[in-house]
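Just the one chain here, laid out as structure tokens, in the form predicted on its own.
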């Protein structure tokens, strides 16, 4: 019998827990691949819905498949009336990620294929989630401002329709394209925290909506999807700072983090960050908001020099470092930056959930069940002796 190896306190870093065909990362070389395709090629040539189809089905769609998939997403855009009515009664100060996480189980209540466990049914559920999560985010933003949610516009692309439902103004083609590229860049990233949360829940044979709800909860944390909002908070606090090198030095001397710098996998610059950095520069010039790109770049260059002096050349900008100014320039509120991450990542989550449920010849057990080493109080194999309250001491 093989000896069991217990790896303590690793956070599962470097531990392979399952096979996947969905995406691949080479952290040393800064490579990200979806289903065999480099992220650079997809960002240059594809649309988000084409990439979503690729992630869900394993191949890029034919022209007919693409048209059919877009039609399915279009049909699924409207939210159930009961969800819209419910949103109107929720506290206006509620955080958008909490609202989104609460909305997904409500969408499950109207899911016609919820009890079906076929691959086709799960792809159908994924398609509806891809269509409706943007609508839920936009509807909540309107409602919390005292405005009515807007119906979808079937003439608009996926990204353009979201901006329309969010702002009440149809975006120009360039703005819609830029957001579409952002969605492509965020669509999947192998076994990150939120994806692993989805797969762990799916491994219990819970339905897709339950698994996606778990993913949203994981994404909301400041060390994961919430990091982009923290980056923008940092930039806004530093907008008028005259001594960025001094601020960076102070942060590093105190042992504090610079949000958006460093990644659990990449040891070079995040390939997604390269695209977003260029986008931030271009959008800044177009809108007269170049300060955000200039500030980000100054922080980046100063921090990289400081890290290099300490031999920490692996600490580089990640996707959040430049997605934050991009979204801000697009007029997206800071607390909606992480929900937009979810709008994209739901395509990857659902692809991983389907793989978890239906992958061929998996060599892992169906149910994830890691082991922990107990380091708490110990009174022997028989356990500690229970005493009535009056006999207990404060010690």
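Owing to the predicted nature of the structure, the values given are computational and were not obtained by experimental measurement. Positions refer to the first chain, counted from 1.
Just so you know, the form predicted in complex with ligand ACO exists too; it's not on screen, but the next bit is about it.
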> From the list 195, 161, 318, 296, which entry has a heavy atom within 4.5 Å of ligand ACO in the predicted complex?
Replying inline: 318
>> Between 307, 209, 292, 191, only one gets a heavy atom within 4.5 angstroms of ligand ACO in the predicted complex; which residue is that?
In response: 307
> Out of the stretches listed (215 to 223, 70 to 78, 93 to 101, 125 to 133), which one is close to ligand ACO in the predicted complex, meaning heavy atoms within 4.5 Å?
Replying inline: 215 to 223
> Looking at the partner-bound form in the predicted complex, is residue 377 within 4.5 Å of ligand ACO by any heavy atom?
Replying inline: no
>> Please tell me whether any heavy atom belonging to residue 107 falls inside 4.5 Å of a heavy atom of ligand ACO, as the geometry stands in the predicted complex.
In response: no
> At the 4.5 Å heavy atom threshold, is residue 253 in contact with ligand ACO in the predicted complex?
Replying inline: no
>> Is residue 144 near ligand ACO? Define near as a heavy atom within 4.5 Å, in the predicted complex.
In response: no
> What residues, if any, in 87 to 112 have a non-hydrogen atom within 4.5 angstroms of ligand ACO in the predicted complex?
Replying inline: none
